[in-house]
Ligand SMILES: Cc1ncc(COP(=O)(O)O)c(C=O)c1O
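Here you get one chain, nothing else, as structure tokens; it is the form predicted on its own.
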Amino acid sequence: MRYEPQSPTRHNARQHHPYQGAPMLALDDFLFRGTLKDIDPAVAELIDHEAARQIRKLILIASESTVPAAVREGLMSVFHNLYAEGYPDPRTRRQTEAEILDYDEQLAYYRRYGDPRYYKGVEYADIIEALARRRCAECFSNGQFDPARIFVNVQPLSGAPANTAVYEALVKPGDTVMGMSLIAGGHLTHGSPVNRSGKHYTIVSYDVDPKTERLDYDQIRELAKAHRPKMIIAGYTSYPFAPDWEKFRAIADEVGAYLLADISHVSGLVIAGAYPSPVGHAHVVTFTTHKTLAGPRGACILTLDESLSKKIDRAVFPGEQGGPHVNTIAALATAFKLAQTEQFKALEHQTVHNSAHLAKVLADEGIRLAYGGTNSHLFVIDCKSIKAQDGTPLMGDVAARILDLAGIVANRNTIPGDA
């Protein structure tokens, strides 16, 4: 498809400046008007193709979700135009949603006292960020904690910067950190040697038991006692079973370590009560917002410890990032509102049920499941259990490509025992 620029609808004759006498182009304004299809039909067409692909194929990638249109509407809002380095006034952490949305009070306070940000023109950015923080705290309070006790940072741009900020806040370069190895199901930021976490800290990785393919808490405890880490990370990328947060906290307390719970994959399940919550067990909780939560691409950090929250806030800004993406925060506020509905909770429980059912059907067909099954939204197939007539095992990359051609989208992943 070829795009032909349209002739301007208004005059563009050169006129003389009344004072300088220099020729100039007379314009009504400098704004670009028109839809994406009008201005850039090539990109508009690509978006249409991608939308059709997502509708046409069955997408089983555990780290992806279908984000509601209302959330995407906030993402494309004019909040995108702002710079807002810093944070809202701390008093908003104690306010209810109704108090946060009291515009008369909020704007009067802003005009009289200002706020801690480095840019002005952020009075509504303050409100939307305070609202997102409050709704997030309500999602994770689960009736056990006053939302005002949960200190939330909604500014991390993704999961890796969120985890990096926690490292910056809680440990020093060279300190020992324990996390699950990447091959066993951990994340790059849990100490992989190719990630900055593995380059700047002394990493001690724990694995699953080679026979049961499950977490062995006695082994993890002995490893922690031997190496005395400053921080232990629990929460995983491909390990399909929920960890025992209480046991992890007991191990962390025994060796004097912080416990970081990375629930990036399962945050939506936790909110819905379909997965045990680490809030109240972990010193700090991190999660991305675009997986089971079905929000925009971003991340959050939670803690019940106010002193830790101040360190984390400084580690996010100015330590790791500059200005936050306020449009993302607006979309997050809507995602957290949806996450408190019964419809969302039913969706999360159904997702876990579907995962367990499909895993059982495949196992009944003789396909081996890594880790022996699942109690979450994902499971991992040991493709090597499928062999050609000459005995050649099926590998994950080839399997994913074949499935994609058949209209099923999945991703390859390491499993315990991979080299």
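All residue numbers refer to positions in the sequence shown, first residue = 1. These numbers come from a predicted model, not from an experiment.
Another form, the form predicted in complex with the ligand, is not on view; read the next lines as being about it.
Of the stretches 262-270, 77-85, 333-341, 316-324, only 262-270 has residues with a heavy atom within 4.5 Å of the ligand in the model of the complex. Annotation: in the model of the complex, residues 159, 187 and 290 each come within 4.5 Å of the ligand through at least one heavy atom. Put simply, of 237, 106, 197, 309 only one has a heavy atom within 4.5 Å of the ligand in the model of the complex, and it is 237. For residue 155, no non-hydrogen atom is located within 4.5 Å of the ligand in the model of the complex, even though that partner is not displayed. Scanning 83-118 for heavy atoms within 4.5 Å of the ligand in the model of the complex gives no residues at all.
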